[in-house]
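Below you'll find only one chain, the form predicted alone, shown as C-alpha cells.
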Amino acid sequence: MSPARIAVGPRPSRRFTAAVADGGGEVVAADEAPDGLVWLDPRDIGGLAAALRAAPGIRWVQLPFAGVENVVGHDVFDDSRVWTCAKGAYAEPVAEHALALALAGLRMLPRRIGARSWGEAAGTSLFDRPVTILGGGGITRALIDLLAPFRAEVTVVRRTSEPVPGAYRTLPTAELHSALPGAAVVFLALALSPATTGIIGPAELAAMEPTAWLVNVARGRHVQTDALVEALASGTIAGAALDVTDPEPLPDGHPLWGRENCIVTPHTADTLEMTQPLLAARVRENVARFVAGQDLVGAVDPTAGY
C-alpha cells in the first residue's frame, strides 16, 4: 500500500503536516501532483479554487469548517473529487456552548450579572422540560448527551424523520411548527442551505412559548433578525442566546445589544484553540481512510451543499 500524496495549504502547518504523516500520508507541495489537499484557511476560497485548477489530479479535498456555504457560493464544488469538511469534529465544544447559553437564559443570568440590587427571585429549571433541536448532525447528538442528565424530552427536527439516538421523537422539517409549542428551549444546530435560510421567522417565533428561549449555535441567517428583535421586544418569547447573528459581526448599536433577554457571544462556541486539535484528529483519520480506500468522515454532498 503506497502512501497517499497530500498537500497542506495555503501554507504548511506543523500540526497538520504531522497529522498527515501520522495518518500514513506523504506530505508534498501543491505543485508536486498531490492526490489530496488539506485546506486550512476558511477565508481564502479563491486560493482554494486556484490550487485545484493548478493540480487537477487532486481526488480528495479536506475543508477546515463544518458549514460549507461559503464554498457553495464560490462555485468551487464539483463531482470529480471527494469533498470532506469538519462537520461533527467540533460538535462537543459547540454543544457545550449551546447548553451554557440555554442555562444562562433560563436562569436569567444576564439580568443578574448587571444587577446592582437584590431584585426578585426568578428563573426556570431545565430538568424534566421538553426541548426542540433543529438539525440531526454531530452537534445535535452531542447536545442530546449533555441534556440526558436533565431528563429533557428532546424533539429533533431534521430533513428526514430518520430517528436520532436519544431523541424522544424525530420529525421532518415540514412538521417544524408542531415541535415548537411547549419547548422550554429551541436550539438551532442545522446546516445552512437555501431551504433553512430564514427558517425561524415571525410564524415560528409566535408558535414558541412566551417562556421559551431560542439558542442559535449554527448560522445567523437561519433567523430572520427583524422578526427576532420584534419578538424579544414584545415578549413573544422570553429570550434569545446567539453565538451567530445576521449580520455578523453584529454592528455596534444594533437593537439586539443591551437587552436583558438577549445574550450574544461573538461566534466563540468553537474557538481556534478548541478546533485546531480536533481538526488535526479529523485530518489524521481521513488520511488513514484515504490511504486504505475507505469511506471518509464528514463527506460533503456538493448537490445538497452540506
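Residue numbers here begin at 1 and follow the sequence given. Here the structure is a predicted model, which is why all the values come from computation and not from measurement.
Missing here is the form predicted in complex with a further copy of the same chain; even so, the following discussion is about that form.
Participant: Between His177, Arg151, His74, Arg81, only one gets a heavy atom within 4.5 angstroms of a further copy of the same chain in the model of the complex; which residue is that?
Facilitator: Looking at His177, Arg151, His74, Arg81 one by one, just Arg151 meets the 4.5 Å heavy-atom criterion.
Participant: Could you tell me which one of Ala51, Val264, Ile58, Leu40 places a heavy atom within 4.5 Å of a further copy of the same chain in the model of the complex?
Facilitator: Looking at Ala51, Val264, Ile58, Leu40 one by one, just Val264 meets the 4.5 Å heavy-atom criterion.
Participant: Which among 158 to 166, 191 to 199, 130 to 138, 117 to 125 is in contact with a further copy of the same chain in the model of the complex, heavy atoms within 4.5 angstroms?
Facilitator: Selected range: 117 to 125.
Participant: Does any part of Thr245 reach within 4.5 Å of a further copy of the same chain in the model of the complex? Heavy atoms only, please.
Facilitator: Thr245: yes, in contact with a further copy of the same chain in the model of the complex.
Participant: Could you confirm whether His97 comes within 4.5 Å of a further copy of the same chain in the model of the complex, counting heavy atoms only?
Facilitator: So His97 counts as contacting a further copy of the same chain.
Participant: In the model of the complex, is there a heavy atom of a further copy of the same chain that lies within 4.5 Å of any heavy atom of Glu209, even though the partner is absent here?
Facilitator: The answer is no: Glu209 has no heavy atom within 4.5 Å of a further copy of the same chain.
Participant: How about Val68 - does it come within 4.5 Å of a further copy of the same chain in the model of the complex, if we only consider non-hydrogen atoms?
Facilitator: Flag for Val68 set to no.
Participant: Please tell me whether the candidate spot formed by Ile113, Leu146 and Pro249 is one where all three residues come within 4.5 Å of a further copy of the same chain in the model of the complex (heavy atoms).
Facilitator: Per the other structure, all of Ile113, Leu146 and Pro249 touch a further copy of the same chain.
Participant: Could you list the residues in 273 to 294 that come within 4.5 Å of a further copy of the same chain in the model of the complex, counting only heavy atoms and keeping sequence order?
Facilitator: Contacting residues: Glu273, Met274.
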